[in-house]
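Only one chain is given next, in structure tokens, and it is the form predicted on its own.
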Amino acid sequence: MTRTVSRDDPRVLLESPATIYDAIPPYPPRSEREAEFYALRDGEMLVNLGPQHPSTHGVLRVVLKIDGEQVVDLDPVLGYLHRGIEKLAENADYHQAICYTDPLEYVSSLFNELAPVMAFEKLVEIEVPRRAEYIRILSCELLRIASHGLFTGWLALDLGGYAPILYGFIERDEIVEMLAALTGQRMLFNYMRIGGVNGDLNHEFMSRLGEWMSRAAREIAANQTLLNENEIFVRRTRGLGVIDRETALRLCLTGPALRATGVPYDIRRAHPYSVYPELEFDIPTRDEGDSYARYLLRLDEVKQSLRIIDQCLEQMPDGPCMAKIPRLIRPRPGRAFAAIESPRGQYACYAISDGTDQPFRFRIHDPSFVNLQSVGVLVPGNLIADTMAIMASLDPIMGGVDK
């Protein structure tokens, strides 16, 4: 009588190929780096973190090589959320292409629209009305505050703290309700237009904004004390995921991840656009380069955004909010590049026109994709639980990574 061996017996080596859930890929190593990573020494093992893990801020898969609780090495695996936005935009006219960019950094979608709009305006050589420029900056800085507010909540949530994310959503809900009154939508606003914005400021928006601004600084400061004075949070983030200035520059980091190392690089000052040259604000920096510094830096940026909003409301001129442009745009053959400072760093768009009503080439530079490459430097040597805090301090949005 033949004895059937159970497939659940751990002593039996199955010949079936590996699945997507296995850490080891079902094919021979394709590079020296891959062969080195998947070669295990005594005591080491591979563990999948994601792509379904809530603390990966989206469908990011990270294969961890661990020795006990310590991370020895890691391999980020992208591509679980590929959208094909750039190719879709190349098969739409210039007006339609803007709406495809909204879902990329979905918590700060106005920035996704602004960069391609600025690139298209360079191709068409359109002068945007000054009132429209002020409205653009006003709405973007409001959304920057909302994005940074959610970041603080996510960072605390990844460390086990539940209350800060609730307070973060309180501030975000108030801001997106304002922007919904202005744009007609609550998340993917689709408000920027080639030549201006889709609608002037209205009474409901101004009423909500005035009420919120009267108490914003006080309430934001009160919310920050939840974490700033929390001994567990400070100890879990201070000195964690340290990156020095030279390494950050070599990895081409931008945004808070770079400024937390002491580099005062901000597109709004380095390569001024819109009406930023007419506004007074500082570029905060920190020198520690750790997760705590990246957290504190975003709090400093919230204060500067409030300064910018005050100046926009005071200096905004009267006039139209939209230039006169044809419904079908056919720019002359050429190319244009536009870069802005999003909440996560340098967000840029490169567009090529071939003289038709559709972009010949449309490429997006997303800061989350570039900043994520630093996890290979920041994470090894730390514990598995610290991996969450380090990745959360970079504030990645996977919609932009898998664009």
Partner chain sequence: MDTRLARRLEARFGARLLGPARGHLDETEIRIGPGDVAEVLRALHDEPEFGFRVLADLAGVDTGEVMQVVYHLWAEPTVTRDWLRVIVDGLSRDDPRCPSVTFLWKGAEWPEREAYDMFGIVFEGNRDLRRIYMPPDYTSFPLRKDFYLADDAARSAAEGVRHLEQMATPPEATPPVATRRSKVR
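Residue numbers count along the first chain shown, from 1. Quick caveat, the model's predicted, so the values are computed rather than measured.
Not pictured, yet referred to below: the form predicted together with the partner chain.
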- Task: Could you tell me which stretch in 265-273, 281-289, 190-198, 314-322 has residues with non-hydrogen atoms within 4.5 Å of the partner chain in the predicted bound form?
- Result: 265-273
- Query: Closest heavy atom of residue 174 to the partner chain in the predicted bound form, within 4.5 Å or not?
  - Reply: no
- Does the partner chain come within 4.5 Å of any heavy atom of residue 346 in the predicted bound form? yes
- Just to confirm, residue 206 within 4.5 Å of the partner chain in the predicted bound form by heavy atoms? no
- Task: Flag residue 86 as yes or no: does it have a non-hydrogen atom within 4.5 angstroms of any non-hydrogen atom of the partner chain in the predicted bound form?
- Result: yes
- Query: Do heavy atoms from each of 102, 219 and 392 fall within 4.5 Å of the partner chain in the predicted bound form?
  - Reply: no
- Since the partner is left out here, which residues of 73-97 would have a heavy atom within 4.5 Å of the partner chain in the predicted bound form? 75, 76, 78, 79, 82, 86, 87, 90
